[in-house]
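Have a look below at one chain only, the form predicted alone, in structure tokens format.
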Amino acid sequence: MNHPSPDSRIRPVSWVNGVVEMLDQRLLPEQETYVRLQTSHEIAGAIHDMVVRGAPAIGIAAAYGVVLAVRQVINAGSADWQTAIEPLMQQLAEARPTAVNLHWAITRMRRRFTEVTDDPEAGLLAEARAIQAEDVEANRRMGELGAAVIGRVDAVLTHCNAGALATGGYGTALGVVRSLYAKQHLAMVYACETRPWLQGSRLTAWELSIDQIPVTLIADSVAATLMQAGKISWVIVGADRIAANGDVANKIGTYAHAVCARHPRHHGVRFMVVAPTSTFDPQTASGKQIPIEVRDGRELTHFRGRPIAPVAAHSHNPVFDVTPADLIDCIVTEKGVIQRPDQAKIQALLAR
């Protein structure tokens, strides 16, 4: 069995020759197509339309969007670029409401405004590049920490895509998978298809196949049966926002996997969340206060523009759900691992 390096060649967002290049994740796996974006408006549209997705990758894209916004207002002749840029930054911030990394990245970029004077675009570009490089390094660190917690297992389950495609280029949940597989401590990854956008089948299965990591695709509803059969030891997922008490917002369906995994009389499967500290939101007390994005119902009733449901059928399409902290065995961050997370443990880790 070939066990490759844990690194991945996949980079969902890059700064190339003065513009942002994004791998259009809507077209995978059929087409590996890159789009070139030259304005912050185009970046905001790409975030909203899910050309790029995954909380860390969205934050990185927004950081580069701020750079393009600075260029736009300066080229327009604005004497006060710091004021002129605010509507463009607000447009970026409103592109996806749930992923806290988006707001974290914009806030970090804004803090640099007073420090860049002679060439604001160059100074802010350096900051955006630093955000991306730090994300990749943090993911590698989380991969090692998570692998150390898990040890040696036959198979794990993951939901949605928390890999190189969702980050600066390595992965949170799939970063742990990469580390396990490189150590020859993992034989198989079960990837849920993740309805309705099929991030598991279109993205996770594609990414793992590209990087030569064995993957078995399953329908979302098969996960409980695999747990019942003793096929899975751990569920490993990413996060889009983590509240102060440890409640986690992640792709819709995550909560159901956590309930099944932690069922005391049946499964005994352990549940791991992997996310950088930029995903924590200390200002939000619990998952009850996390805004949950609800998208167009046509994502359920249509597939690639073709109807797959009766016209009269109603639809409800929340993109995320909230997994309570008491269903989570551990949260892995670049600063360390929080076992059985609660507010006190999270505060202590963030204060490091």
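Worth saying up front: this structure is predicted, and the values here are computed from it rather than measured. Don't overthink the numbering: it's just position in the shown sequence, from 1.
Below, we refer to the form predicted in complex with a small molecule, which is not included among the displayed structures.
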Worksheet item: Do R262 and the small molecule share at least one heavy atom pair within 4.5 Å in the predicted complex?
Response: no
Worksheet entry | in the predicted complex, G54 touching the small molecule (heavy atom, 4.5 Å) | yes
Item to complete: Evaluate G238 for contact with the small molecule in the predicted complex, applying a 4.5 angstroms cut-off between non-hydrogen atoms, and reply yes or no.
Response: yes
Fill in: Any non-hydrogen atom of T204 within 4.5 angstroms of the small molecule in the predicted complex
no
Worksheet item: For the spot marked by V176, R270 and T333, is every residue within 4.5 Å of the small molecule in the predicted complex through some heavy atom?
Response: no
Practice prompt. Sort through 125-133, 82-90, 165-173, 212-220 and report the only stretch with a non-hydrogen atom within 4.5 Å of the small molecule in the predicted complex.
Written response: 165-173
Worksheet item: Of C160, L208, A243, A105, which residue is found within 4.5 angstroms of the small molecule in the predicted complex when only non-hydrogen atoms are counted?
Response: C160
Discussion item. Can you work out which of A285, M50, I292, V35 has a heavy atom no more than 4.5 Å from the small molecule in the predicted complex?
Written reply: M50
